[in-house]
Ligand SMILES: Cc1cc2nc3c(=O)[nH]c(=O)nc-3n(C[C@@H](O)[C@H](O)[C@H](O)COP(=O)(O)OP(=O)(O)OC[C@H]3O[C@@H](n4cnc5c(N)ncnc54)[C@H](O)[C@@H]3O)c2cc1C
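One chain is shown next in structure tokens, namely the form predicted alone.
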């Protein structure tokens, strides 16, 4: 029997994306049981699989030449929403924008990336992506209460619990966030929610660093190509007091700026105290968006000139310069991650236990694991 025949019942026209890699087969499970069976078969036939949610973070990490593409687009159901408990459980293929729109009807928010595009819950978790509001609410991994993961050989593993205060058991939810599929496919997750502030404003200021020092627990302070904005939320009295202290131009609501775009996209990660130094070291012509007090600068450039020097400086500070998008040849000329972190042998052993045949996203993590 051919491989195409083995997976024939799961081949569905589920994804239309110009960025899809060349691949012999594309499947789209409609249930988690189907996902388990697909990965069991892929492991049995020792296939390499790439997982596709919204495709918005596929430029991060080592390149993969897959035999099989598994789209999560049909695993997009709401499983449970408990507004009184501030928790929601969804399948991983649900789009972030759809979830946030639904939650907004009851004055709640999941505090995921602010302009997610087509990003899915599973994709955001797997890539370990957080929005700028992490400055106030913490990163994405802090709001994952429970996760259902299907390992590379088709076993379903559940860890965590659907309560906000839960400290028992192995912390698989945090381990899955930022794993880039190396432990398997995130199939379902329970997220902690937050109430939407009754008053929200955006204040444009002349000096972002001064604003960060002035504002009390701002939602975010973001500088885009030299223009800084402070995002505030709370009661009307709380917000009014801070607006007066910042002395900037105010607009109602949170007005988020789109990320810079270019031939090459970068994520420069440094300790929060080094954010200003990192901005000042960006090569000439690079556009940027920086979370002040957060330590991440999203940048875009026309080429990689100056990147090696910037990476060397970032690593000397305990940070990294990561390629998040770019032409295929760049990934051959320059490691997408930079110097691998210590502990690769431990990571390999952990991955071996979840994905013994290394089916899901092989080679994507730092060090090519």
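Computed from a predicted structure; not experimentally measured. Residue numbers count along the first chain shown, from 1.
Note that the form predicted in complex with the ligand isn't included here; everything after this is about it.
*Asks:* With the partner absent here, would 51, 55 and 129 each sit within 4.5 Å of the ligand in the model of the complex, counting heavy atoms only?
*Replies:* Yes.
*Asks:* Tell me which stretch of 121 to 129, 98 to 106, 215 to 223, 196 to 204 has a heavy atom within 4.5 angstroms of the ligand in the model of the complex.
*Replies:* Only one stretch passes the 4.5 Å heavy-atom test: 121 to 129.
*Asks:* Using a 4.5 Å heavy atom cut-off, which residue among 270, 232, 290, 92 comes into contact with the ligand in the model of the complex?
*Replies:* It is 92.
*Asks:* Counting any non-hydrogen atom inside 4.5 Å, which residue from 160, 113, 154, 139 sits next to the ligand in the model of the complex?
*Replies:* Exactly one listed residue reaches within 4.5 Å, namely 113.
*Asks:* Can you tell me if residue 81 lies within 4.5 angstroms of the ligand in the model of the complex, counting non-hydrogen atoms only?
*Replies:* Contact check for residue 81: no, nothing within 4.5 Å of the ligand in the model of the complex.
*Asks:* Report yes if any heavy atom of residue 307 sits within 4.5 Å of a heavy atom of the ligand in the model of the complex; otherwise report no.
*Replies:* The answer is no: residue 307 has no heavy atom within 4.5 Å of the ligand.
*Asks:* Can any non-hydrogen atom of residue 181 be found within 4.5 angstroms of the ligand in the model of the complex?
*Replies:* Flag for residue 181 set to yes.
*Asks:* With a cut-off of 4.5 Å between heavy atoms, is residue 88 one of the residues that contacts the ligand in the model of the complex?
*Replies:* Outside the cut-off, so no.
*Asks:* Going through 294 to 325 from first to last, which residues have a non-hydrogen atom within 4.5 Å of the ligand in the model of the complex?
*Replies:* In sequence order, 296, 298, 324 come within 4.5 Å of the partner.
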